[in-house]
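Single chain ahead, by itself, as structure tokens, in the form predicted alone.
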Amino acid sequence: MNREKRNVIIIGSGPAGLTAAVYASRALLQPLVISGRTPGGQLMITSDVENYPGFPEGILGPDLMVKMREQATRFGTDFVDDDVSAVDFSARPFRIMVREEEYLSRAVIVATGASALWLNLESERKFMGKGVSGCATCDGAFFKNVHVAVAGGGDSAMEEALFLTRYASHVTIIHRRDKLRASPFMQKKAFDNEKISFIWNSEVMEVTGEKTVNGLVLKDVSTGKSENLAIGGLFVAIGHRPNTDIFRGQLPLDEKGYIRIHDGSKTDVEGVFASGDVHDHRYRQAITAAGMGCVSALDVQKFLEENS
């Protein structure tokens, strides 16, 4: 066991976790970030980021995460580039297990984020960041006057499609059923928008293109027939899954698995805080995650001062 008791351990290394690390390390809390074996969060699969303040020319997602990590390291943050295997929040100091190693901490910030659900196609992975996206508000501006497709039928798919009409020449929603799962209000907004059309009872079988996306191969789930759809971008909107499996039974989760917080970033376990997409299923932006990372670090600082 690692016998050193930390002031704060941050689980996760996306914008929320690294911003928390910057603030915590500047407060001389000497944080430890357990970053995961694939550090950086969802921005690691994002190409150009043009809506993060301070980068007027834009910045590549991985480059932004490298800069955030360098900043946290500069102020004294330590890192363990591995996955947390288990936690014990039943008593303080809290215990965090990483394989055979056990770490102790007076406080914990959970910033493990959420994972977009994908179609699990090899061609989808090939064109990730090259015409395939999971976030319209992140990437929509790159598709001005382009015909794009949205895969999905829930509220998130309608929101993505409606947002994309600001930029795209046309938006085609592809849904594997003959009716939407979205709320009646969101359905009406989509149906009433002249820039949105629908392809029913169909699923995406392949994303085609050379350097970037130029089309889709669709299969009619009723007849089995295939057709090609010429588009310049695909937005996958079939939902997100919060990365909270290891916290079940340790922290209160909502019905979708997101961590419940109150009074800033507090969870119901005193001394455990949460920030970023692990609790936020509404905004899911790098800047909102970073903002909550700041909140968590300030909350931890106050907690430790009151419980010294």
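From 1 onward, residues are counted along the sequence shown. Owing to the predicted nature of the structure, the values given are computational and were not obtained by experimental measurement.
A second form of this protein, the form predicted in complex with a small molecule, is not displayed here; the remarks below concern that form.
S.K.: Is it the case that Gly152, Met186 and Lys256 all touch the small molecule in the model of the complex, with a non-hydrogen atom of each within 4.5 angstroms?
M.R.: Every residue of the candidate spot has a heavy atom within 4.5 Å of the small molecule in the model of the complex.
S.K.: Within 4.5 Å, heavy atoms only, one stretch in 62-70, 26-34, 261-269, 236-244 touches the small molecule in the model of the complex. Which?
M.R.: Only one stretch qualifies here: 236-244.
S.K.: If we define contact as a non-hydrogen atom of the residue within 4.5 angstroms of the partner, is Arg106 a contact of the small molecule in the model of the complex?
M.R.: Arg106: no contact with the small molecule in the model of the complex.
S.K.: Is there a heavy atom of Arg176 no more than 4.5 Å from a heavy atom of the small molecule in the model of the complex?
M.R.: Arg176: yes, in contact with the small molecule in the model of the complex.
S.K.: Is Leu119 close enough to the small molecule in the model of the complex to count, meaning some heavy atom within 4.5 Å?
M.R.: Answer yes; at least one heavy atom of Leu119 falls within 4.5 Å of the small molecule in the model of the complex.
S.K.: With the partner left out here, check for me: in the model of the complex, does some heavy atom of Ser156 sit within 4.5 Å of the small molecule?
M.R.: Yes.
S.K.: Though the small molecule is not shown, can you say which of Arg181, Lys130, Arg92, His170 has a heavy atom within 4.5 Å of it in the model of the complex?
M.R.: Of the listed residues, the single hit is Arg181.
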